[in-house]
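Take a look at this single chain in structure tokens; it is the form predicted alone.
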Amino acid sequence: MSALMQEMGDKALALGVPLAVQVDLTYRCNERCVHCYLDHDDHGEMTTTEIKHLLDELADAGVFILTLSGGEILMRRDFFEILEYARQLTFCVKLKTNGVLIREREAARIRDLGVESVQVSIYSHRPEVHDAITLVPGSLKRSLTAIRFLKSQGIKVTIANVLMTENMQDYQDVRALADELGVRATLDPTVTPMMDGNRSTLRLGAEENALKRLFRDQSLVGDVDEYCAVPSKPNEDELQALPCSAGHTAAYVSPYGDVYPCVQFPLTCGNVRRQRFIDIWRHSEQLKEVRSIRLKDLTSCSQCTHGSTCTRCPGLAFMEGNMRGPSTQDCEKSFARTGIPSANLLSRKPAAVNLVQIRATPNIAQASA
């Protein structure tokens, strides 16, 4: 995280300002990714007028970074009208897309509107792998064409690569592809449960040995979303540290107006169709509970050897049943980094963990995604 962003984050935290908000414009999508956690049917999306009103409220609340995502954002015919309005309100706008609907004209419009960056999902350098994940033949070719159009317009592009069993072996080649295209690449080995709580998508997650190879790959560096982590203050007691920015300096709004602490934290805190965003932000009992959590309050995690270094996501823990409990997926990542199992992992699969622990190398490179 840059010094400037850290300073902005510190000030936003001190003032209770939502520095960054993600708004999903739609859950509709032209791809059907096998790991996607969304219901792609339209159950009553906010209208153009409602979204513009929300953007006014976000601006009044002090939001600086606005991420527009989906679903696929270009599935909305009013997308550029919404984007233009967001830029008129001087948000720093970031876009998340699969790029399939972006051609030269759309790329030029995105440039003209002054978008800060565009994130495009690429799962493999191999069409047969990427297209098998999106379930759309030809999708890799079209997404890469979009990236080239965006780059030709001078737009900052990031490739986002979610790692799972189908593409785990391809991440180095995706990084090489990103270098060839002149764009940044991020990778994330976290497969998220469905927002309705269905955990069937987790079967796609990378297996234990693959995670070990990933986290011991010395060519990788830390690549955590800079708006997710809350840096500790000098001399701060680690047990008083905030778990993440969710509900503190960041929030998420669904296409139906529901407000959540984060896109990975499906705890409904209010709805902007019935309340002003700022009233939800300041007075939601759910957000107050989220903000009350410190490492010291996490019964198992506060005693864990990984407590101060774990990337524990309270949203994933919430979907597991307890926002103050451990996130097994993050326990598995900590184990992959260090070879030392948490108490949570030992309670779930002691035999397998002990076997791997015996074989673990004590000094390993820490890679974070």
Partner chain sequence: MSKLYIARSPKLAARVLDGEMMIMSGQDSTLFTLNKTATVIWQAADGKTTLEEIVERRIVPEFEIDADAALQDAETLARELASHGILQVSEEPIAPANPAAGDAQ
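Residue numbers count along the first chain shown, from 1. Note that the coordinates shown come from a computational prediction; the quantities given were computed from them, not determined experimentally.
Heads up, the form predicted together with the partner chain isn't pictured, but that's what we're talking about next.
Using a 4.5 angstroms heavy atom cutoff to the partner chain in the predicted bound form, none of P193, C244 and Q264 count as contacting. C92 is the sole member of I278, V129, C92, L101 with a non-hydrogen atom within 4.5 Å of the partner chain in the predicted bound form.
The partner is absent here, but in the predicted bound form a heavy atom of R87, alone among K151, R273, R213, R87, sits within 4.5 Å of the partner chain. The partner chain is not drawn, but in the predicted bound form it has a heavy atom within 4.5 Å of K11. In the predicted bound form, R111 approaches the partner chain with a heavy atom inside 4.5 Å. Contact between R294 and the partner chain in the predicted bound form is not found at the 4.5 Å heavy atom cutoff.
The partner chain is not shown here, and in the predicted bound form it never comes within 4.5 Å of any heavy atom of E207. The stretch from 57-65, 43-51, 30-38, 331-339 that comes within 4.5 Å of the partner chain in the predicted bound form, counting heavy atoms only, is 57-65.
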